[in-house]
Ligand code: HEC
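In structure tokens, one chain follows: the form predicted on its own.
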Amino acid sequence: MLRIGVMAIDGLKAIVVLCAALLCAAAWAQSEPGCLDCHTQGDESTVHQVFKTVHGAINGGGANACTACHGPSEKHDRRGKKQPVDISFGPLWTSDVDTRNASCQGCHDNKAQIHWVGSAHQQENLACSDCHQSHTPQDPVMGDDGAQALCLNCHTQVRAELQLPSRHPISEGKTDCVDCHNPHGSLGEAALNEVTLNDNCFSCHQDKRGPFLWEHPPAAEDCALCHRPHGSVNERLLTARGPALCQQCHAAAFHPSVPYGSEGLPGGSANQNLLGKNCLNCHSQVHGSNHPSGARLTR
């Protein structure tokens, strides 16, 4: 009887060990499906750097992070036959733009990206992966100079304007494209961060916001009537030199006004007033004035 009892206990132990093994195998199969059989987390290649990023921790990390972006991809590289993953970002296979973007927007659909649909970049069929690198520990476009370099690769006219004598200090690294623009779209024109151009400018130039006791209507209407936002050959980003710019609206302003162009002068030389005078020498508060005697924007 004792011997039979020992055999029963040994059999029970064997069953317990077998069940434990099966449970471990099931857990392993569930947490480590095919992806990590080939793509190990210890691999130092560029693609596998994703495990050092926040993307590598999606859905608990491991292979679940792969399938969260690339889909289940059950037919991928099975039995020696390479098949593309369900959602591929290239370069070997590339899914269509909408499919790739939908994979990213499953998580990235917050305030910053809410206006992507209908934006200029979306209309140009740009994919998130055209600008962002999700597998690198530090996405280059999120670095100090990364956004500027990437934007200027396409916006070549702006690149040229940033070399003009008067410009925003983007090249010096004191401001950046994304300080004014949201590349994912916005409610304003030109993907501005604010709804209007003036509100965008006032976010830095708060002393020009007003309201003023005496206002200069063009300044209150649209900063771009007088200024070029990226760069200009004229000082203070002006669209034209001081006297000529003012005379586009003020032909005669309460005192004799002399045309400051070179038209009609002998030899086509510039008027001496153009060289030595400027409306802003007297009308210095051109954006507006709160002075009781500032109706002419002189103080």
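This is a predicted model, so every value here is computed, not measured. Residue positions are given as counts along the sequence shown, with the first one as 1.
Absent from the display: the form predicted together with ligand HEC. The rest refers to it.
Novice: Please determine whether A160 contacts ligand HEC in the model of the complex, using a 4.5 Å cut-off between heavy atoms.
Specialist: It does not: once ligand HEC is placed as it appears in the model of the complex, A160 has no heavy atom within 4.5 Å of it.
Novice: Within a 4.5 Å heavy atom cut-off, is D145 in contact with ligand HEC in the model of the complex?
Specialist: Although ligand HEC is absent here, D145 would stay clear of it in the model of the complex, with no heavy atoms inside 4.5 Å.
Novice: Please tell me whether any heavy atom belonging to D96 falls inside 4.5 Å of a heavy atom of ligand HEC, as the geometry stands in the model of the complex.
Specialist: The answer is no: D96 has no heavy atom within 4.5 Å of ligand HEC.
Novice: Is there a non-hydrogen atom of G90 within 4.5 angstroms of a non-hydrogen atom of ligand HEC in the model of the complex?
Specialist: Yes, contact at 4.5 Å.
Novice: What residues of 115-132, in sequence order, lie within 4.5 Å of ligand HEC in the model of the complex by heavy atom?
Specialist: The stretch 115-132, when checked against ligand HEC in the model of the complex, contributes W116, A120, H121, E124, L126, A127, C128, S129, C131, H132 at the 4.5 Å heavy-atom cut-off.
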